[in-house]
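The form predicted on its own is given below as one chain in structure tokens.
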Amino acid sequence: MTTLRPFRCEDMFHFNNVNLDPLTETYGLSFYLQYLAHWPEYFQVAESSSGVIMGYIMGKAEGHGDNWHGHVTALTVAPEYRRLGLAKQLMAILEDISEKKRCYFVDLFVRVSNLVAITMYKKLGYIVYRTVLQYYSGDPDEDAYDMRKALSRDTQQKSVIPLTHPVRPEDIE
């Protein structure tokens, strides 16, 4: 049985099995603690009945006016727990929190090469809003898709009208 629950500080000592995936963006401990302190409701974990962390989602609410939105900073599920619907459940929690905060949309960034994730997000109702050139550092740098899903407050779906031209990271609000 899987338990979905809020992330706790001590979880940072037990989530290496999830973070070792090469497509998972990892951060310093202070970054995780900052999210836990500022947006604890957006930091959720999937835990097995034996106490193993199966995956987590980390996000926040940001922006102003009709750009007020939920943002997925990280979503990852350990390889051995994929295809069980955990990512979908974690995304639903973040979207529900964003609805309660009266956000207009939820957005996330994903590597253009991560076709599995892009396909999953599209099945969850996300669209490619724009391409962000050289968003991910590496050799070579990699572009990202900024994917969005409108929430109920965006009655006219303005937040999901795709841009026709790519942008650079410094151009992102």
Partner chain sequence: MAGRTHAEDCVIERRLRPIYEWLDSGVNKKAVQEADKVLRKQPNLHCARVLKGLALLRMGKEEECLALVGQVVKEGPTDETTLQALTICYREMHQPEQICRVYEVAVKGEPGNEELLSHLFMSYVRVGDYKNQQQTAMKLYKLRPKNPYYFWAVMSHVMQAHKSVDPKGKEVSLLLAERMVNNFVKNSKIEAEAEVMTYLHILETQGKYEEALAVLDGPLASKVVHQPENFLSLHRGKYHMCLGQWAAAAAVYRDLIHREPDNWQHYVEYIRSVIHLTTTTTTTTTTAAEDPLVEASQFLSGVRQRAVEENSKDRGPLLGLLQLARALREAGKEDKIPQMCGDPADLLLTYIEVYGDKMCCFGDIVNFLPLIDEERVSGLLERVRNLYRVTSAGVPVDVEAVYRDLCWHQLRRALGQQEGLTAGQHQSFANSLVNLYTNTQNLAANMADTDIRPEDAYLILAAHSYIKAIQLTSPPSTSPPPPANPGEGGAGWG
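All of these numbers come straight from a predicted model, not from anything done at the bench. Numbering follows the first chain given and starts at 1.
The form predicted in complex with the partner chain is left out here; the points below concern that form.
Engineer: Only one of 41-49, 135-143, 25-33, 103-111 gets a heavy atom within 4.5 Å of the partner chain in the predicted bound form; which is it?
Structural biologist: Result of the contact check: 41-49.
Engineer: Is there a heavy atom of residue 71 lying 4.5 Å or less from a heavy atom of the partner chain in the predicted bound form?
Structural biologist: No, residue 71 stays farther than 4.5 Å from the partner chain in the predicted bound form.
Engineer: Flag residue 54 as yes or no: does it have a non-hydrogen atom within 4.5 angstroms of any non-hydrogen atom of the partner chain in the predicted bound form?
Structural biologist: Contact with the partner chain, yes.
Engineer: Would you classify residue 87 as touching the partner chain in the predicted bound form, given a 4.5 Å non-hydrogen atom cut-off?
Structural biologist: Because no heavy atom of residue 87 falls inside 4.5 Å of the partner chain in the predicted bound form, the answer is no.
Engineer: Check, residue by residue, if 3, 21 and 82 all come within 4.5 Å of the partner chain in the predicted bound form, counting heavy atoms only.
Structural biologist: Yes.
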